[in-house]
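In structure tokens, the next block holds one chain alone, the form predicted on its own.
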């Protein structure tokens, strides 16, 4: 919130870069990325001498790289990417390398305020993670499902801790996977495991675990729940109590379990994407009370508005309101807020954004190749070649729009009341 206050919220329009066309001396440049505060736009660019660099507004980084990929901004507006030098890869942030080079790097992760940055690594055929350039003390035959804690810079991944030959199903079903947190492996061994999730203070980790051929459960801090289920999906920590909640399947239906006991009875055809308000009073998920009819669910009660597909569930900061996108199998996207569909359908829509005070909702949408932004169901009287996700000021009075107007990158701040 403090950093949000530091952004320029003066109403008006500024052209940050008049043209994003590939400049002279370059063979080509990739699709641009925009900083959260809208002050910077960047793209990977290839010089005519076939070296790579990064274009930042109308300047270029000094570094010359053999290849460059995974360019993106963190929440603190730092620009990160992966650069190849002498055949090895470096994690770079603002044109400075973090740590030593590795045989391969991928999946850059920032934490909530951008203080810590992590990525997956491979060195000498073994796999692990880096945090701010520091590698895990131990690497593994396989690592996947990489995670960075919201705060405090902890990392986790599912890791293979036993060798496994091709078609060796006997060893596989005895379990070869576990979870490593900052490179330290749990004692538990699983047939499979997925999606490590940190508590907000990074002191706990929960993961989906396949125990045997047919049974699944949730494991928290290396301790599996005693209850077993037909399937489970991603767990979530209750920020008020520290409890762990997860969608689980019992007798062919889905419900929600809390610390292994049922919180929502298993009556749903499907249930996933659990989100919990900060006081723990409102628990939300995407679910299907009937086959092919998906919607948002609050405390076990489905909304009336249902779609063949519902995605991108987002909560207001206090957890009392929710918004999601409904669509007809990736066509005719509809924005739904508090169980009320906004007017119109769209070729594509992106995740809703709540204002910090929870009063307003904004969504980027696209139709016939043109982008615009909706606020509280009302659109701008203007379209763009592209729009990035909008942001609200800390008091919710203004909205920031980052857009390509023709070939110019523009930063536009509008009063929210303009949409009323």
Partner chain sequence: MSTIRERRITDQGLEIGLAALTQDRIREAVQAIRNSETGAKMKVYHETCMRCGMCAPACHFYVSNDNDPSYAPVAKVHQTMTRILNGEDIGPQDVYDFAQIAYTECNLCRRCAFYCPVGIDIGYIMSTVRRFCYKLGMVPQYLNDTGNSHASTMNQMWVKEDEWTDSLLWQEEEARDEFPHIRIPLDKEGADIFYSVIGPEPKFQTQLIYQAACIMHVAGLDWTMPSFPGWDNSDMSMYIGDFETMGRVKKAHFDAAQKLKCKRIVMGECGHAFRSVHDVGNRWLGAKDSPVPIVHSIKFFADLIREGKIKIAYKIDDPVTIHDPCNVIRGRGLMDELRYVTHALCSNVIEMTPNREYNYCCCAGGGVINCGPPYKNSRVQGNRVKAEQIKRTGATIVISPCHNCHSGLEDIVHGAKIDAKISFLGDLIYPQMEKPAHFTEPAPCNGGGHV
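Note that the structure is a prediction, hence the values are computed from the model and not measured. Positions refer to the first chain, counted from 1.
Below: the form predicted together with its partner chain, not depicted.
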In the predicted bound form, the residue from 292, 278, 137, 163 with a non-hydrogen atom within 4.5 Å of its partner chain is 292
Of the residues 64, 59, 48, 395, which one places a heavy atom within 4.5 Å of its partner chain in the predicted bound form? 48
Looking at heavy atoms inside 4.5 Å, which stretch does its partner chain contact in the predicted bound form, given the options 180 to 188, 128 to 136, 99 to 107, 260 to 268? 99 to 107
If we define contact as a non-hydrogen atom of the residue within 4.5 angstroms of the partner, is residue 249 a contact of its partner chain in the predicted bound form? yes
Would residue 240 sit within 4.5 Å of its partner chain in the predicted bound form, counting heavy atoms only? no
Would you check, heavy atoms only and a 4.5 Å threshold, whether residue 213 touches its partner chain in the predicted bound form? yes
In the predicted bound form, does residue 303 come within 4.5 Å of its partner chain, counting heavy atoms only? no
Under the 4.5 Å heavy atom criterion, name the residues of 64 to 100 that approach its partner chain in the predicted bound form, in sequence order. 67, 69, 89
